[in-house]
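Here you get one chain, nothing else, as structure tokens; it is the form predicted alone.
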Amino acid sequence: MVVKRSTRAGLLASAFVGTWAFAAHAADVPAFYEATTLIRETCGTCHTDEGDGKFSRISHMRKTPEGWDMTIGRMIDWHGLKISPTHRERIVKHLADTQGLAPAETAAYRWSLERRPNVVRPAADETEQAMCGRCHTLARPALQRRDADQWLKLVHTHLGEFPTTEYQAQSRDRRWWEIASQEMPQALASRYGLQSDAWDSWRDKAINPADLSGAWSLSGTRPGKGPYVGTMEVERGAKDAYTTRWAIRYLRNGETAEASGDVRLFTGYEWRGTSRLGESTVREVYAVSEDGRSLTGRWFHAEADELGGSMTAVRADGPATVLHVEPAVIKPGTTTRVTLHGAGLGKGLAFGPGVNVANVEHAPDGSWVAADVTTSVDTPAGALAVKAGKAEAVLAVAADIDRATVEPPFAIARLGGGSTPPVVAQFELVGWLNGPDGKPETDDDIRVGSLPATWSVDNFDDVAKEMKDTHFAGRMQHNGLFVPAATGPNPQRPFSGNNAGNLSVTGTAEFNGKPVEAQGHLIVTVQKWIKRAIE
């Protein structure tokens, strides 16, 4: 299913239009247009030239590519800035490269940049949760860097543009202005200050990144379809611009898809791409490793970012690496065809004592190696170490799966209507082994991956049952995709209410002839008209 959404231009578009359009505009930027000259001409009316390529406000903070693009979007919305897509790209590229965030500074907040839906992350403390988290996710302050004086200016900006901030955030429960103007600038500067060792050590790499061109092996999981593997060819164009061709195969049903697209690299590691995958346009947000030999992240539908897949890729000519093992779990006392997918994989396979390996096959390009693996009835349950040459991986051995979880455990879907399509919720059932300690939900538990499942929804509580939420809120599809109904008012409901609902979600699978089941929670709520790159 592909959900199509109409968007507003610039900042308020449902996709990060500016940055993901950059690869198409990059070649149009005149070579003689220095970025500082462009900033001076575009921004200098309000931002004072401080010399040495620095400007008031602008040069005293650091942000991600999305953060800088959102800043320009605000200047357009608030102050009527006129700027072409080409010049917008040039400014964002320059600022993200010279005043960006190091990999270590974004690592904990990749979920926001990757648009991973239904992620719940607490703030650093209760005060930050109340002062920032009632309107924003934790990622909003954490993905920028300022000193205390600039954080204070941001407080003033909030009040200047949104004078009712204190009331809208329901903050009359505390000394809001005193906390906002005196405590929070210092607290945020101590956590997210302008200067950092991480940025000092990364600064040169941000403007001199590794060349990413060449062949790559990849793997990932798309909720609703399961794990996939594939390959990607990357070709370099203009500086930090690439074209890609990639192909994937879903292991659950053998379905294949091909894609081609454009990529722009920011800050030396921030991969932002747009590809045509089958009939859909997808966005790509990946983080490239420091040595340029691997990347991780997520791709998602341009018009419905809650739908997409995780991805990990490594250079095909790099060190031997296992990206995925299929199947993820085998039973004691059986013979199973096991395939390792990755890069640089040769004929040599070792599964440890008591496990026999036969009929080994491997791809000439080293992208996979397969064998018949026989375990004895005495093979202990748990993680089985696998070696393919110098590459290592883990294969789970179990007669039964100990438990399952629904991911996400709590989700929000939104009703559709008018020009605003629904926001769907995609679930998957994940199997787990308890690990060596035999206890569930401890650090040594072994995740065995997503399971093919059947899905159902029910009323979450007595109120939902009385309101017949399962009848009105929407429908669960066979692959765990919940599609909400249209918004109200609905004369068939009490008080002609809308079609919101409070639902429990159940996923059921079978392993070794035994059912495996888990529950999640779904709230179906009202529409949302504004979606930001960083909420």
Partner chain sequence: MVNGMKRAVLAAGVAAVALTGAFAAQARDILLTGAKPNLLVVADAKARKVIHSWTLPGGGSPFAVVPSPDGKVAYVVTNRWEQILGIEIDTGKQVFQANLSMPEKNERVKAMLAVDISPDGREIAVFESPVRMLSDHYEVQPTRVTFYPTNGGMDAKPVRSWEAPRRTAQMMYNKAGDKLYLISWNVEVHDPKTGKLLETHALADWTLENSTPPDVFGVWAQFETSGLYVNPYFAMRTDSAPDNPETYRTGMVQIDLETGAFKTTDFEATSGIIFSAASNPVRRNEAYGVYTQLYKIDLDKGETVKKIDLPHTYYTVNVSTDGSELYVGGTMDDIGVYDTKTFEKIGAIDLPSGNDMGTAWVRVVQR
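Residue numbers count along the first chain shown, from 1. Every value quoted in this text rests on a predicted model; they were computed, and no experiment measured them.
The following text describes the form predicted in complex with its partner chain, which does not appear among the structures shown.
This chain appears without its partner; in the model of the complex, the one residue of 80, 163, 438, 353 with a heavy atom within 4.5 Å of its partner chain is 163.
You can rule out all but one of 470 to 478, 34 to 42, 501 to 509, 53 to 61: in the model of the complex, only 53 to 61 has residues with a heavy atom within 4.5 Å of its partner chain. In the model of the complex, its partner chain lies farther than 4.5 Å from every heavy atom of residue 337. Of the heavy atoms in residue 310, none are within 4.5 Å of its partner chain in the model of the complex. Residue 157 belongs to the set of residues with a heavy atom inside 4.5 Å of its partner chain in the model of the complex. Taking the partner from the other structure, its partner chain in the model of the complex has a heavy atom within 4.5 Å of a heavy atom of residue 177. With contact defined as any non-hydrogen atom lying within 4.5 angstroms of its partner chain in the model of the complex, the contacting residues in 488 to 518 are 489, 495, 496, given in sequence order.
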